[in-house]
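The chain that follows stands alone, in the form predicted alone, written as structure tokens.
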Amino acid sequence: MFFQSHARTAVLLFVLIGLVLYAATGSYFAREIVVEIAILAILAISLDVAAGYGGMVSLCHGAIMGMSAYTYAILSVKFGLPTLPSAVGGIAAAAVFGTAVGWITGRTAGIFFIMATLAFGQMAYTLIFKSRWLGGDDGMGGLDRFDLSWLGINLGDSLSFAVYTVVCLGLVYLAAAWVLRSGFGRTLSGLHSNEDRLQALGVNTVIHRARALGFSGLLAGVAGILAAQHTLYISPELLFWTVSGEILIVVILGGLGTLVGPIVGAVLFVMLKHEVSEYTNHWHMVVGLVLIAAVLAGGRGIFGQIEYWAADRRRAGKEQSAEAGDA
């Protein structure tokens, strides 16, 4: 079951404030890094909701993000709708796609669920890749960002857009935490822990899986809108399975089932990629070594392991206090 500890709150605030300060004091390239981290972190949070708390390891979250981005592009570029309704439509499309995948694959588990979600993701990728109306492998351009001039905010400015993505990251985290603390979130954790017991209690686990992937898809849809507004261009590469694989690496690296861990993982992943790539093109190898070290250290991820060590020290302290009291 999810709980928002003081450590998680502190790390969340530290990262969000740190990203804003990094964007405010850094160059244009620093702001681009902040945007990349924010988008990746939102995607990682969406996957952690499904995998970390629902036990549904999905390999189609890249496709879900891509569906949101393409729906946004279709509504705004092809049909000429304003950006806000187009964004709402894009997020809704991602939620519907996630719900459909969850409902169809809801009776599978383990490797079968992973392969089923991979198949859905690749089908969506192939459909868009071969559609000339959607630009095929050339992608689609001509997208626009929200007009917030009535608030005195120009999202065309790199700093404003970077801060905007960080704010979206914070709101997505709050939404995920609120849902996981609700009755539905507790049921989702129970589904992960003991699905047979929930079925014996009369809970329709297929519907709950569909709802969980639908909500996860909604969060991923936010990342899709931000990705489309970031470069003002989208391509089928957004939906390719390697994007989902990267997200899974980020979640495992930061800490599966911690919600704040994926944010830490996103920061580390992006910073490693850009820093190491200055010296070698084989930056994936360095990320892989860090991931292996994190798994061998206990399989809890970086933040998850630190949280485990802290809890272990607290338990040891309480035991020593109890023994001293008995003496």
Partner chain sequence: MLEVKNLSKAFGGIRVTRDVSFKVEPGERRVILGPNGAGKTTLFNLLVGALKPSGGDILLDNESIVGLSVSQRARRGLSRSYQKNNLFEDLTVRENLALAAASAQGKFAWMSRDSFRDKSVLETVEEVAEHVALADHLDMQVRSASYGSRRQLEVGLALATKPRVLLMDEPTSGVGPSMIDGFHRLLQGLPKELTVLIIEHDMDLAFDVADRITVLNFGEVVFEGTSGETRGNPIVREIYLGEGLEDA
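Positions refer to the first chain, counted from 1. None of these values were measured; they are calculated from a predicted model.
Below, we turn to the form predicted in complex with the partner chain, even though it does not appear here.
- Listed residues 198, 153, 92, 77 were compared with the partner chain in the predicted bound form; 198 is the one with a heavy atom within 4.5 Å.
- For the options 190, 170, 245, 136, the residue carrying a heavy atom within 4.5 angstroms of the partner chain in the predicted bound form is 190.
- Taken together, the three residues 274, 284 and 288 lack any non-hydrogen atom within 4.5 angstroms of the partner chain in the predicted bound form.
- Although the partner is absent here, residue 112 lies well away from the partner chain in the predicted bound form, with no heavy atom inside 4.5 Å.
- Proximity of residue 240 to the partner chain in the predicted bound form: non-hydrogen atoms within 4.5 Å are absent; the residue sits far from the partner.
- Contact annotation: residue 210 falls outside 4.5 Å of the partner chain in the predicted bound form, judged by heavy atom distances.
- Contact annotation: residue 182 falls within 4.5 Å of the partner chain in the predicted bound form, judged by heavy atom distances.
- Look at 225-233, 84-92, 115-123, 172-180: in the predicted bound form, residues with non-hydrogen atoms within 4.5 angstroms of the partner chain sit in 172-180.
- Interface residues of 1-20, taken as those with a heavy atom within 4.5 Å of the partner chain in the predicted bound form (partner not displayed), are limited to 1.
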